[in-house]
Ligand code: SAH
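Here you get one chain, nothing else, as structure tokens; it is the form predicted on its own.
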């Protein structure tokens, strides 16, 4: 407290326009964009946004009906699962695997298609990559841009460029270190990567069905090496005192991930 009784505002305090995650006692989660004069509404009453703005990034608040909510800055996982979306997002378990399999790092030039709601874009940008995205739907491109700016803040546009283009056609951009494919027929993009990816560059394709994965593998029958296909399963555990067991529900299959490296002699 200051001498006049006012609460000191920490440098990392919540600001208007920032996303905040509200979590109740039953672990229900709500993503809210804070606005001066706004209110958070739930089944158990309201919490004024002004009670959160200017406060620490992790704090407890009581609703108008006395319900307890913890308010924190969303992690990448929180944001991806609760952010506004138009297209189905890639689950965090697959985002992590894709970025690791493709070995994405700071300063890398990454080609992404399609950008959907921006979940993969956020993960790539947060790793320090420069991302060029192709998306055929303007509404998806617009929403992805909004989500990227909301989570990563201003200035990220310098490393994020989305073009309304069809990646099934020859690419007009090139010199990429990595390529991330999340669209219905990624095998139609693979031939264009012979020109767009640097030798040794890595491509990772996300496909919900095994028949799609098989088609991707067929498109990589020559000019690619170290080709692999895998899936990631995510099972939580219930731990309460001595009672320990796997959760009854798990995030099992969501997609197959196919990863490959471009050969220096990739056929044109």
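Residue numbers count along the first chain shown, from 1. Treat the numbers as computed from the prediction; the structure is a model and nothing was measured.
In what follows, reference is made to the form predicted in complex with this ligand, a form of this protein that is not presented.
Within 4.5 Å of this ligand in the predicted complex, a heavy atom is found for none of 39, 45 and 67.
Partner proximity in the predicted complex, defined as non-hydrogen atoms within 4.5 angstroms of this ligand, places exactly one of 148-156, 71-79, 182-190, 102-110 at the interface: 182-190. Among residues of the shown chain, residue 132 is not one whose heavy atoms approach this ligand to within 4.5 Å in the predicted complex. At the 4.5 Å threshold, heavy atoms of residue 177 stay clear of this ligand in the predicted complex, well away from it. Within 4.5 Å of some heavy atom of this ligand in the predicted complex lies at least one heavy atom of residue 87.
Although the partner is absent here, residue 198 sits far enough away that none of its heavy atoms falls within 4.5 Å of this ligand in the predicted complex. The partner is not shown here, and in the predicted complex the stretch 185-218 never reaches within 4.5 angstroms of this ligand through any heavy atom.
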